[in-house]
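The form predicted alone is given below as one chain in structure tokens.
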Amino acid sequence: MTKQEILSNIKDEALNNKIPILQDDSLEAIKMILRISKPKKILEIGTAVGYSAIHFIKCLEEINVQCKLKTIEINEVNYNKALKNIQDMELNSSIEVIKADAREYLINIDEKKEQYDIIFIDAAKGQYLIFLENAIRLVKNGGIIIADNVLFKGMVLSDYNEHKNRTAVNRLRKYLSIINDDKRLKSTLLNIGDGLAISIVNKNDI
């Protein structure tokens, strides 16, 4: 089986099992950012089954950029599946999967020792504000923070106020407000997939 066939199977299996993965148009937008920025270190918050991490590294390999990607996953089933998928794609040397609660793991990273060119947020929507705070701290000056699903099936920009998803929706609205107002961030919202927020970080602009 070719690597492309393995990757297609990973996508099909995730969709069949209703495991959320990057939508195609969002994936292509991020790949364009990767080709332009040529990151050497990426931090991903929310591995799922490793689909996006694999795509990011494969994209950079195609332009001869060596990149190390660290990705954090709390769900044990997804974590084990991601390990297998990454091994099947022979990318163990480039992708490190951490089994942890990202909220706890991130606060223990020393920003003086560990900085990233790109940080990709694609985990629990209700925790995006915590993830953003740590992402700003851990991304290099001039680096990029990308967050997926910020429109949350259209609820964030609508008058949605039902109890079921109210907390997540309100926190995502706050996320968009912060990245728009924070002087350290130059942000744009792409209305593709389920909403992709891209922020370039300038820590000198305070």
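Being a predicted model, the structure only gives us computed values, none of them experimental. Counting begins at 1, following the sequence as shown.
The next section is about a form of this same protein that is not shown, the form predicted in complex with a small molecule.
Student: Select from the listed residues 86, 135, 123, 97 the one whose heavy atoms reach within 4.5 Å of the small molecule in the predicted complex.
Tutor: Exactly one listed residue reaches within 4.5 Å, namely 123.
Student: Among 32 to 40, 139 to 147, 49 to 57, 174 to 182, which stretch sits within 4.5 Å of the small molecule in the predicted complex, heavy atoms only?
Tutor: Selected range: 49 to 57.
Student: Quick check on residue 131: any heavy atom within 4.5 Å of the small molecule in the predicted complex?
Tutor: So residue 131 counts as contacting the small molecule.
Student: May I ask you to check whether residue 74 falls inside a 4.5 Å heavy atom distance of the small molecule in the predicted complex?
Tutor: So residue 74 counts as contacting the small molecule.
Student: Would residue 20 count as a contact of the small molecule in the predicted complex, using a 4.5 angstroms cut-off between non-hydrogen atoms?
Tutor: Residue 20 belongs to the contact set for the small molecule.
Student: Is there a heavy atom of residue 102 lying 4.5 Å or less from a heavy atom of the small molecule in the predicted complex?
Tutor: Flag for residue 102 set to yes.
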